[in-house]
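Here you get one chain, nothing else, as structure tokens; it is the form predicted alone.
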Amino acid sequence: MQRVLLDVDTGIDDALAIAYAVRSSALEVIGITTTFGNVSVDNATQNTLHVLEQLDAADIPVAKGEAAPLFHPLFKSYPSEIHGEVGLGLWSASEPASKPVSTPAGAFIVEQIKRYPNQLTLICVGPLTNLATAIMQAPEITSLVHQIIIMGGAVKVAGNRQMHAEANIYSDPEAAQFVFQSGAPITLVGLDVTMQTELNSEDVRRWREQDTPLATFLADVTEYYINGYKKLYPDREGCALHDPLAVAVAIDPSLVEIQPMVLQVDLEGVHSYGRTVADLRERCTAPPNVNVCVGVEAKRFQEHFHRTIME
């Protein structure tokens, strides 16, 4: 089994990604760190604990992380039209029985990478603030981590948070640029491939037919997500499986086509702040710093996702 650590800003697709990773026989989730993004870091932490309880996996340690970007002010609002006011649609519950560990997320990441040198895969599906903080604390982890899989960016397609920028990168562009330039082994799972995936109302109906607490929970939160998606993308049948696809790349890299690229994040543009910019010139001679996913076997991934969640 491959050891993985998830870094999340738990909204609805994060919840699906957590469920996918925990239930996968190919992965051992050794911990989860939380940050702001879809919701506040407090809500992301509570939501993560709730999801783990739904999965009967409350023994997985959760470390609370950064509440705001490295340098620029925190955005004034969260995407409640997609994830709900607290991040899990209309679903609500009492306080989770479990609590986060006392170690901050950045330090927790450093500890785990050093505990499992060259064995640990980080799957980051929120802003990269926690990871940037960890690398600042211990730069040597970039050569000790097995791989870092990041859900983020829009290299050859339009953004979603802004016309030019994907939400996770745009939430903390400075952190993303720092991580991309760190020398760590990075695979970027961006909108170029995640927008080709889909979970629709028929899938939710199949979950409801399972009539288990987990299936009902996933159906409830995902139904809210799909309804939010339809308002933004009227031509779509359902929602994209952004964060679960990042988990899938850890499970089976053959699901995606990868192209090494020289990639940076624009930190200065008036109309392009937070954009992931790749040097796509044939004459580019600089060494690539990021492996970018440019193609995906969407149907095969979706079938594996559903089979893993419900088996």
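All residue numbers refer to positions in the sequence shown, first residue = 1. Since the model is a prediction, treat every value here as computed from it, not as a measurement.
FYI, the form predicted together with a small molecule isn't displayed, but the following is about it.
Colleague: Pick from I149, A175, A167, L88: which residue has any heavy atom within 4.5 angstroms of the small molecule in the model of the complex?
Modeller: Selected option: A167.
Colleague: Check whether N160 has any heavy atom within 4.5 Å of a heavy atom of the small molecule in the model of the complex, and answer yes or no.
Modeller: Contact with the small molecule, yes.
Colleague: Does T34 reach the small molecule in the model of the complex if we count a contact as any heavy atom within 4.5 Å?
Modeller: Judged by the heavy-atom cut-off of 4.5 Å, T34 is well away from the small molecule in the model of the complex.
Colleague: Given that the small molecule is not shown alongside this chain, does L122 nevertheless sit within 4.5 Å of it in the model of the complex, heavy atom to heavy atom?
Modeller: L122: no, not in contact with the small molecule in the model of the complex.
Colleague: Using heavy atoms and a 4.5 Å limit, would one call H242 a contact residue for the small molecule in the model of the complex?
Modeller: Yes, contact at 4.5 Å.
Colleague: Please pick out the stretch from 242-250, 43-51, 258-266, 61-69 that is in contact with the small molecule in the model of the complex, where contact means heavy atoms within 4.5 Å.
Modeller: Looking at the partner contacts, the answer comes out as 242-250.
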